[in-house]
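Just the one chain here, the form predicted alone, laid out as C-alpha coordinates.
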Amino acid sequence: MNPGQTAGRPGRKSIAAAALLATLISGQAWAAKREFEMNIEDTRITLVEKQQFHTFAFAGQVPGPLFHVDEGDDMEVKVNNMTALPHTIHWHGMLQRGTWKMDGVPDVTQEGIKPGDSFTYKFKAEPSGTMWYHCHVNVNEHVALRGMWGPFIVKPKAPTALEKRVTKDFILMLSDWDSKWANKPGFGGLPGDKFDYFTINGRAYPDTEPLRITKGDVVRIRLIGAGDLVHSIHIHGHAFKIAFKDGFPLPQPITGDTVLVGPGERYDLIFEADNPGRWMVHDHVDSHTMNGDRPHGGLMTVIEYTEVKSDDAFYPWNKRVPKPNFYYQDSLKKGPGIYTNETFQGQAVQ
(Lines give C-alpha, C1' and ligand atoms only; values in the text may rest on other atoms or scores of the structure.)
Protein backbone atom coordinates (compact mmCIF):
# COMPACT_ATOMS: atom_id res chain seq x y z
CA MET A 1 0.00 0.00 0.00
CA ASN A 2 1.09 3.55 -0.61
CA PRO A 3 1.33 6.15 2.16
CA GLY A 4 -2.09 7.39 3.27
CA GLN A 5 -3.98 4.33 2.01
CA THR A 6 -5.94 2.16 4.41
CA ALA A 7 -6.46 -1.58 4.23
CA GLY A 8 -9.82 -3.06 3.30
CA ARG A 9 -12.83 -1.02 2.34
CA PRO A 10 -13.11 2.59 3.49
CA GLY A 11 -15.88 3.73 5.81
CA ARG A 12 -18.74 5.84 4.45
CA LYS A 13 -17.08 9.06 5.64
CA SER A 14 -13.60 8.26 4.44
CA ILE A 15 -11.94 7.28 1.21
CA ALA A 16 -8.41 6.17 0.83
CA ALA A 17 -6.12 8.41 -1.19
CA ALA A 18 -2.44 8.01 -1.92
CA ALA A 19 -1.51 10.60 -4.45
CA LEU A 20 2.05 11.85 -4.27
CA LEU A 21 4.21 9.37 -6.19
CA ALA A 22 5.94 11.35 -8.91
CA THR A 23 7.73 9.41 -11.63
CA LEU A 24 10.16 11.03 -14.03
CA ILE A 25 9.40 10.15 -17.63
CA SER A 26 12.01 12.37 -19.23
CA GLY A 27 14.05 15.38 -18.32
CA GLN A 28 11.12 17.69 -18.98
CA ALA A 29 7.98 15.57 -18.72
CA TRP A 30 6.57 13.92 -15.61
CA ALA A 31 3.44 12.26 -14.35
CA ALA A 32 2.26 11.39 -10.86
CA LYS A 33 0.47 8.20 -9.92
CA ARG A 34 -2.77 8.94 -8.04
CA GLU A 35 -4.36 6.04 -6.18
CA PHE A 36 -7.85 6.42 -4.73
CA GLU A 37 -10.63 4.22 -3.36
CA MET A 38 -14.35 5.01 -3.20
CA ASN A 39 -17.55 3.25 -2.15
CA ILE A 40 -20.97 3.39 -3.77
CA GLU A 41 -23.58 3.44 -0.99
CA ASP A 42 -27.34 3.54 -0.47
CA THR A 43 -27.90 6.97 1.01
CA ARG A 44 -30.86 9.26 1.71
CA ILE A 45 -30.28 12.96 0.98
CA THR A 46 -32.49 16.03 1.47
CA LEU A 47 -32.93 18.27 -1.56
CA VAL A 48 -34.78 21.03 0.29
CA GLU A 49 -36.93 21.25 3.42
CA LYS A 50 -38.49 17.77 3.88
CA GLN A 51 -38.05 16.50 0.30
CA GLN A 52 -35.73 13.50 0.54
CA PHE A 53 -34.40 11.10 -2.10
CA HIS A 54 -32.93 7.60 -1.96
CA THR A 55 -29.62 7.81 -3.85
CA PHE A 56 -26.79 5.47 -4.81
CA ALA A 57 -24.16 7.88 -3.59
CA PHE A 58 -20.44 7.97 -4.22
CA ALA A 59 -18.82 7.93 -0.74
CA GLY A 60 -22.28 8.51 0.72
CA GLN A 61 -22.67 12.03 -0.66
CA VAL A 62 -24.30 13.96 -3.55
CA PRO A 63 -22.43 15.35 -5.42
CA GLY A 64 -19.72 12.75 -5.10
CA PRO A 65 -16.21 13.64 -3.93
CA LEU A 66 -14.15 16.05 -5.99
CA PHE A 67 -11.28 14.47 -7.91
CA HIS A 68 -8.71 17.23 -8.49
CA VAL A 69 -5.59 16.09 -10.36
CA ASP A 70 -2.96 17.32 -12.80
CA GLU A 71 -3.06 16.82 -16.54
CA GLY A 72 -1.20 13.64 -17.46
CA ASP A 73 -1.48 12.00 -14.03
CA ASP A 74 -1.85 8.21 -13.98
CA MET A 75 -5.14 7.46 -12.24
CA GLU A 76 -6.01 4.30 -10.32
CA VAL A 77 -9.44 4.33 -8.69
CA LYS A 78 -10.81 1.29 -6.85
CA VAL A 79 -14.61 1.33 -6.70
CA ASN A 80 -16.50 -0.82 -4.18
CA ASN A 81 -20.21 -1.43 -4.85
CA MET A 82 -22.02 -1.56 -1.51
CA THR A 83 -25.53 -1.36 -3.04
CA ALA A 84 -27.90 -4.07 -4.25
CA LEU A 85 -27.69 -3.09 -7.94
CA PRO A 86 -24.84 -3.11 -10.50
CA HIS A 87 -22.96 0.12 -11.33
CA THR A 88 -19.98 1.46 -13.28
CA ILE A 89 -18.19 4.80 -13.49
CA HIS A 90 -17.77 6.68 -16.75
CA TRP A 91 -15.06 9.35 -16.52
CA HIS A 92 -16.85 11.88 -18.69
CA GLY A 93 -14.39 13.85 -20.83
CA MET A 94 -11.43 11.50 -20.46
CA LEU A 95 -10.21 10.35 -23.89
CA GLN A 96 -8.97 6.97 -22.61
CA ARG A 97 -6.26 6.66 -25.27
CA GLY A 98 -5.11 3.05 -25.12
CA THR A 99 -7.37 2.40 -22.11
CA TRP A 100 -10.78 2.06 -23.76
CA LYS A 101 -11.72 -0.74 -21.38
CA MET A 102 -11.68 1.83 -18.58
CA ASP A 103 -14.48 3.91 -20.16
CA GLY A 104 -17.08 2.50 -17.77
CA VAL A 105 -19.85 1.41 -20.14
CA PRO A 106 -21.60 -1.84 -19.13
CA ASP A 107 -21.71 -4.58 -21.76
CA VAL A 108 -19.41 -2.54 -23.99
CA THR A 109 -16.17 -2.02 -22.07
CA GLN A 110 -16.86 -4.04 -18.89
CA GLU A 111 -19.45 -5.92 -16.92
CA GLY A 112 -21.36 -3.89 -14.39
CA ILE A 113 -19.78 -3.98 -10.93
CA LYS A 114 -22.00 -6.47 -9.13
CA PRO A 115 -23.24 -5.90 -5.58
CA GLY A 116 -20.40 -6.57 -3.15
CA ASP A 117 -17.77 -6.52 -5.90
CA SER A 118 -15.01 -4.05 -6.75
CA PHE A 119 -13.42 -2.75 -9.92
CA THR A 120 -10.26 -0.71 -10.38
CA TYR A 121 -10.13 1.92 -13.13
CA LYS A 122 -6.70 2.78 -14.55
CA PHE A 123 -6.27 5.63 -17.01
CA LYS A 124 -4.38 8.83 -17.73
CA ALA A 125 -5.98 12.16 -16.75
CA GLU A 126 -6.23 13.85 -20.12
CA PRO A 127 -7.30 16.22 -21.48
CA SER A 128 -7.42 18.96 -18.86
CA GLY A 129 -10.44 20.98 -17.87
CA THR A 130 -13.83 20.76 -16.17
CA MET A 131 -14.89 17.12 -16.38
CA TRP A 132 -17.15 14.90 -14.30
CA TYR A 133 -17.85 11.26 -13.51
CA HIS A 134 -21.12 9.33 -13.35
CA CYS A 135 -22.62 5.87 -13.40
CA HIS A 136 -23.32 4.41 -16.85
CA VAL A 137 -25.71 1.64 -15.76
CA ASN A 138 -29.36 2.62 -16.21
CA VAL A 139 -28.33 6.25 -16.60
CA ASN A 140 -32.00 7.17 -16.98
CA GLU A 141 -32.44 6.36 -13.29
CA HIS A 142 -28.98 6.20 -11.69
CA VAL A 143 -27.79 9.56 -13.02
CA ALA A 144 -31.08 11.40 -13.52
CA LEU A 145 -32.66 10.38 -10.19
CA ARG A 146 -30.09 8.73 -7.89
CA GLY A 147 -27.34 11.34 -7.67
CA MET A 148 -24.59 9.20 -9.17
CA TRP A 149 -22.33 12.04 -10.29
CA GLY A 150 -19.41 14.11 -9.08
CA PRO A 151 -16.84 16.68 -10.32
CA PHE A 152 -13.54 15.71 -11.92
CA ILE A 153 -11.21 18.68 -12.44
CA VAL A 154 -7.94 18.23 -14.36
CA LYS A 155 -5.50 21.10 -13.87
CA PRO A 156 -3.81 22.04 -17.17
CA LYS A 157 -0.08 21.99 -17.72
CA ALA A 158 -0.37 25.25 -19.66
CA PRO A 159 -3.24 27.39 -18.29
CA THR A 160 -4.63 30.21 -20.44
CA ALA A 161 -3.83 33.82 -19.61
CA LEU A 162 -7.48 34.37 -18.60
CA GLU A 163 -7.70 31.48 -16.16
CA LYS A 164 -4.40 32.48 -14.56
CA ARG A 165 -6.18 35.59 -13.31
CA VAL A 166 -8.93 33.66 -11.48
CA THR A 167 -9.10 34.27 -7.73
CA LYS A 168 -12.42 32.53 -6.90
CA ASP A 169 -13.37 29.18 -8.42
CA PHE A 170 -16.81 27.53 -8.01
CA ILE A 171 -18.31 24.22 -9.23
CA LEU A 172 -22.08 24.12 -9.89
CA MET A 173 -23.59 20.75 -10.87
CA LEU A 174 -27.13 21.16 -12.25
CA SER A 175 -29.72 18.40 -11.84
CA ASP A 176 -33.43 17.62 -11.75
CA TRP A 177 -35.60 15.16 -9.83
CA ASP A 178 -39.06 13.56 -10.05
CA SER A 179 -40.36 13.23 -6.48
CA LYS A 180 -42.73 10.33 -7.22
CA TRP A 181 -39.67 8.05 -7.47
CA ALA A 182 -37.94 9.45 -4.36
CA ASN A 183 -38.30 6.30 -2.26
CA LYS A 184 -38.39 3.69 -5.03
CA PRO A 185 -34.78 2.79 -5.84
CA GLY A 186 -34.52 0.62 -8.93
CA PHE A 187 -37.40 2.42 -10.63
CA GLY A 188 -38.00 5.71 -12.46
CA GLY A 189 -36.32 7.68 -15.20
CA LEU A 190 -39.07 6.89 -17.70
CA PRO A 191 -40.32 8.81 -20.75
CA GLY A 192 -43.05 11.13 -19.53
CA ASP A 193 -41.62 11.61 -16.05
CA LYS A 194 -42.36 15.07 -14.66
CA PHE A 195 -39.38 16.64 -12.93
CA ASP A 196 -40.56 18.84 -10.06
CA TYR A 197 -37.37 19.53 -8.07
CA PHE A 198 -34.23 21.20 -9.44
CA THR A 199 -30.90 21.54 -7.68
CA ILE A 200 -27.41 23.02 -7.66
CA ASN A 201 -24.98 20.56 -6.08
CA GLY A 202 -27.89 18.45 -4.88
CA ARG A 203 -29.72 21.27 -3.06
CA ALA A 204 -32.66 23.48 -4.07
CA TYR A 205 -33.09 27.16 -3.18
CA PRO A 206 -33.14 28.42 -0.47
CA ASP A 207 -31.01 25.50 0.74
CA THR A 208 -28.30 26.30 -1.78
CA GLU A 209 -25.48 28.61 -0.70
CA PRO A 210 -24.40 32.08 -1.87
CA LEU A 211 -21.29 32.45 -4.01
CA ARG A 212 -19.35 34.82 -1.73
CA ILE A 213 -16.92 37.11 -3.55
CA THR A 214 -15.13 40.44 -3.07
CA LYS A 215 -14.82 43.39 -5.41
CA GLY A 216 -11.71 42.90 -7.56
CA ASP A 217 -12.01 39.11 -7.68
CA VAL A 218 -11.86 37.31 -11.01
CA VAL A 219 -14.56 34.68 -10.68
CA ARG A 220 -14.78 31.33 -12.43
CA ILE A 221 -18.06 29.39 -12.40
CA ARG A 222 -17.84 25.80 -13.69
CA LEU A 223 -21.30 24.69 -14.83
CA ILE A 224 -21.87 20.95 -15.23
CA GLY A 225 -25.09 19.54 -16.71
CA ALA A 226 -25.52 16.47 -14.51
CA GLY A 227 -29.25 15.96 -14.95
CA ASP A 228 -31.71 15.14 -17.72
CA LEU A 229 -32.88 18.63 -18.71
CA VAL A 230 -31.50 21.74 -20.40
CA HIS A 231 -30.95 24.73 -18.10
CA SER A 232 -30.65 28.37 -19.18
CA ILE A 233 -28.33 29.93 -16.60
CA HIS A 234 -28.61 33.70 -16.20
CA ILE A 235 -26.39 35.82 -13.94
CA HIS A 236 -27.63 39.25 -12.86
CA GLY A 237 -25.43 42.33 -12.64
CA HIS A 238 -22.49 41.02 -14.67
CA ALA A 239 -21.38 40.12 -18.16
CA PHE A 240 -19.25 36.99 -18.25
CA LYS A 241 -16.97 35.36 -20.76
CA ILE A 242 -17.83 31.82 -21.82
CA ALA A 243 -14.19 30.78 -21.75
CA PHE A 244 -14.31 26.95 -21.89
CA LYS A 245 -16.65 24.40 -23.47
CA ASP A 246 -16.45 20.79 -22.20
CA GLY A 247 -13.04 21.57 -20.70
CA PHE A 248 -11.57 23.03 -23.89
CA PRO A 249 -10.55 26.71 -24.02
CA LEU A 250 -12.39 28.76 -26.63
CA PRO A 251 -9.98 30.68 -28.87
CA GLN A 252 -12.45 33.60 -28.84
CA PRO A 253 -14.43 33.62 -25.56
CA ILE A 254 -18.06 34.68 -25.94
CA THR A 255 -19.40 37.55 -23.81
CA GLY A 256 -22.94 37.12 -22.47
CA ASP A 257 -25.20 37.01 -19.43
CA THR A 258 -27.08 33.76 -20.18
CA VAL A 259 -25.83 30.36 -21.26
CA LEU A 260 -27.72 27.19 -22.19
CA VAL A 261 -26.34 24.05 -20.50
CA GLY A 262 -27.48 20.66 -21.81
CA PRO A 263 -27.08 17.22 -20.23
CA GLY A 264 -23.39 16.27 -20.04
CA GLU A 265 -22.17 19.72 -21.10
CA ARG A 266 -19.72 21.89 -19.20
CA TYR A 267 -19.22 25.63 -19.52
CA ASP A 268 -16.66 27.69 -17.62
CA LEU A 269 -17.76 31.31 -17.11
CA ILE A 270 -15.23 33.95 -16.04
CA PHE A 271 -16.08 37.51 -15.02
CA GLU A 272 -14.72 40.51 -13.14
CA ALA A 273 -16.26 41.18 -9.73
CA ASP A 274 -16.86 44.87 -10.38
CA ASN A 275 -20.44 45.49 -9.22
CA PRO A 276 -20.95 45.02 -5.44
CA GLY A 277 -24.42 43.88 -4.42
CA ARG A 278 -26.48 40.73 -4.13
CA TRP A 279 -27.12 39.25 -7.56
CA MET A 280 -29.36 36.36 -8.53
CA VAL A 281 -28.04 33.32 -10.41
CA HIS A 282 -30.90 31.24 -11.75
CA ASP A 283 -32.32 29.00 -14.44
CA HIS A 284 -34.32 31.07 -16.92
CA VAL A 285 -36.45 28.04 -17.73
CA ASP A 286 -38.93 29.44 -15.23
CA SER A 287 -40.54 26.13 -14.28
CA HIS A 288 -37.10 25.06 -12.97
CA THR A 289 -37.33 27.65 -10.17
CA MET A 290 -39.96 25.64 -8.31
CA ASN A 291 -39.90 23.30 -5.33
CA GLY A 292 -42.68 20.91 -6.22
CA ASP A 293 -45.67 23.15 -6.89
CA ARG A 294 -44.25 26.16 -5.01
CA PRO A 295 -42.36 28.99 -6.73
CA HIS A 296 -39.17 30.78 -5.75
CA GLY A 297 -37.07 27.69 -5.29
CA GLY A 298 -35.24 25.17 -7.40
CA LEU A 299 -32.22 26.07 -9.44
CA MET A 300 -31.38 29.43 -7.89
CA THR A 301 -28.61 30.98 -5.81
CA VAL A 302 -27.04 34.39 -5.19
CA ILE A 303 -23.72 36.09 -5.83
CA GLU A 304 -23.04 37.88 -2.55
CA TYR A 305 -20.32 40.54 -2.27
CA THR A 306 -18.54 40.80 1.08
CA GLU A 307 -18.83 44.59 0.87
CA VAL A 308 -22.64 44.36 1.18
CA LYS A 309 -24.35 43.60 4.49
CA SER A 310 -26.56 40.52 4.55
CA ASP A 311 -28.73 41.38 7.53
CA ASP A 312 -32.00 42.23 5.75
CA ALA A 313 -34.84 40.36 7.45
CA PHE A 314 -36.20 39.13 4.11
CA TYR A 315 -32.86 37.66 2.99
CA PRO A 316 -32.80 33.84 3.40
CA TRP A 317 -29.17 33.78 4.49
CA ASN A 318 -29.28 36.72 6.90
CA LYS A 319 -28.68 34.56 9.99
CA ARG A 320 -27.57 31.22 8.60
CA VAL A 321 -24.23 29.65 9.32
CA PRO A 322 -22.42 29.30 5.96
CA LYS A 323 -22.11 25.78 4.58
CA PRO A 324 -18.38 25.28 4.10
CA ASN A 325 -16.97 24.41 0.71
CA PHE A 326 -20.44 24.13 -0.90
CA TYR A 327 -18.98 24.75 -4.36
CA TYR A 328 -15.70 22.93 -3.61
CA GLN A 329 -14.10 26.38 -3.74
CA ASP A 330 -11.80 25.58 -0.82
CA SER A 331 -10.78 22.17 -2.16
CA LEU A 332 -9.88 23.69 -5.55
CA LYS A 333 -7.23 25.81 -3.81
CA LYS A 334 -5.45 22.70 -2.55
CA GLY A 335 -3.15 20.32 -4.35
CA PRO A 336 -4.14 17.14 -6.19
CA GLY A 337 -6.33 14.75 -4.27
CA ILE A 338 -9.83 13.46 -3.64
CA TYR A 339 -12.01 15.68 -1.47
CA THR A 340 -15.14 14.66 0.40
CA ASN A 341 -17.57 17.18 1.85
CA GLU A 342 -19.62 16.77 5.04
CA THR A 343 -22.19 19.22 3.66
CA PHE A 344 -23.18 16.70 0.97
CA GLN A 345 -23.24 13.62 3.21
CA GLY A 346 -26.56 11.82 3.42
CA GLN A 347 -27.94 9.23 5.83
CA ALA A 348 -27.00 5.60 5.30
CA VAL A 349 -29.88 3.39 4.17
CA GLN A 350 -29.63 -0.17 5.44
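All residue numbers refer to positions in the sequence shown, first residue = 1. None of these values were measured; they are calculated from a predicted model.
Absent from the display: the form predicted in complex with another copy of the chain. The rest refers to it.
- The chain is drawn here without another copy of the chain; in the predicted bound form, the stretch among 53 to 61, 37 to 45, 321 to 329, 284 to 292 whose residues come within 4.5 Å of it by any heavy atom is 284 to 292.
- At the 4.5 Å threshold, heavy atoms of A144 reach another copy of the chain in the predicted bound form.
- Remark: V302 counts among the residues lining another copy of the chain in the predicted bound form, judged by a heavy atom distance of 4.5 Å or less.
- In the predicted bound form, none of the heavy atoms of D74 sits within 4.5 Å of a heavy atom of another copy of the chain.
- At a distance threshold of 4.5 angstroms between non-hydrogen atoms, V108 is in contact with another copy of the chain in the predicted bound form.
- The candidate site formed by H134, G237 and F248 is fully in contact with another copy of the chain in the predicted bound form, as each residue has a non-hydrogen atom within 4.5 angstroms of it.
- Between the options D178, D217, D103, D207, the residue in contact with another copy of the chain in the predicted bound form by a heavy atom within 4.5 angstroms is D103.
- Taking a 4.5 Å heavy atom cutoff to another copy of the chain in the predicted bound form, the contacting residues in 181 to 197 are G189, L190, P191, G192, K194, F195, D196.
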